[in-house]
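A single chain comes next, written as structure tokens; it is the form predicted on its own.
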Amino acid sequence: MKRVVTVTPNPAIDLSYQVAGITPGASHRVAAPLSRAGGKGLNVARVAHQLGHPVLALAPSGGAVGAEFAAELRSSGVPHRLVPVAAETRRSIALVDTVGGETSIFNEQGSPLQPSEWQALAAAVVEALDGQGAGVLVGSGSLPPGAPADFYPALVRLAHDAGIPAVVDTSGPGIIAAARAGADLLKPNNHELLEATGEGSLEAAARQLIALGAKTVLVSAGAEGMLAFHHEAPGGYWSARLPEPLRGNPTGAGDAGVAAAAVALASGVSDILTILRSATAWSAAAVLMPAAGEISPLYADLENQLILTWKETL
């Protein structure tokens, strides 16, 4: 299988705290957090690597937090290349309420990069796609302030120049720009999709992205599972869900779904139902784990439980 190359333009150290009940305004005693190098693209690479698929994770890294980020990533064994930058790498904090079953996430915004640092990151992507080893390029996550407006469209163009598909998982104007660039697969959640497009329904929003140029749109829809819209199936869409929603930590669920789609595309699989099934199962399996970037070995059992539905539209 060819390699899954991921790009995380705004990575973070992810700190996950387990809290036995959260009372607003109160003091809480907690154990030391689980700390790991994160950001959406890093989570994608971790999941694919966990299941034995070749990966290469690309990201900028800087400052004292960046040094911690780099050390943890080295110890993880995930193949990677970090681009040194002056800005401090940000942090992300997840408070997992083990009593209430809810997870609260606090994401630092991230710091601007210099133009030369953006150029170095782009050069690292070009180098990673050189030759025959790469099978798919994944761009994931938010952009720090001052990022090039065409960052994600540029990734799509680089992937297509290399003859491989491009997957983008972001929000806001970035997802619109990636659709216009012809991304092969976009993976927003339901809230991101509606906010980015301004539409009143998920179907209309997904169809807008396809009309702009996207080939496939996978939508995480919480307890409703995942929806798949494809440019060759204008008459409806597929949905996949479990009989009952799972309780756990949903922090990296969407990233696990992206990992499944990326692994399929890197393997030459383009069938939308196959991608939807694995993406939904891997996403659900991530909920069962304490932190983002890993999935439960029950993912195959979860896939066998999925309820698939074709929904026709007018």
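Basically, rigid core = biggest C-alpha set you can superpose within 1.5 Å across the two forms. Note that residue numbering follows the sequence shown and begins at 1. All values reported here derive from a predicted model rather than from experimental measurement.
A second form of this protein, the form predicted together with a further copy of the same chain, is not displayed here; the remarks below concern that form.
a further copy of the same chain is not drawn, but in the predicted complex it has a heavy atom within 4.5 Å of P33.
E195 falls outside the set of residues with a heavy atom inside 4.5 Å of a further copy of the same chain in the predicted complex.
Among heavy atoms of E102, some come within 4.5 Å of a further copy of the same chain in the predicted complex.
Under a 4.5 angstroms non-hydrogen atom cutoff, a further copy of the same chain in the predicted complex lacks N304 among its neighbouring residues. Stretch 85-93 is the contacting one of 155-163, 224-232, 85-93, 127-135, since its residues have non-hydrogen atoms within 4.5 Å of a further copy of the same chain in the predicted complex. Residues L15, Y17, V19, I22, T23, P24, G25 are the members of 7-25 with a non-hydrogen atom no more than 4.5 angstroms from a further copy of the same chain in the predicted complex. Once you line up the core between the shown form and the other one, the Cα of A71 stays within less than 2 Å of where it was. With the core held fixed between the shown form and the other one, L306 has its Cα displaced by under 2 Å. Annotation: Cα of I105 displaced by at least 2 Å between the shown form and the other one, core superposition.
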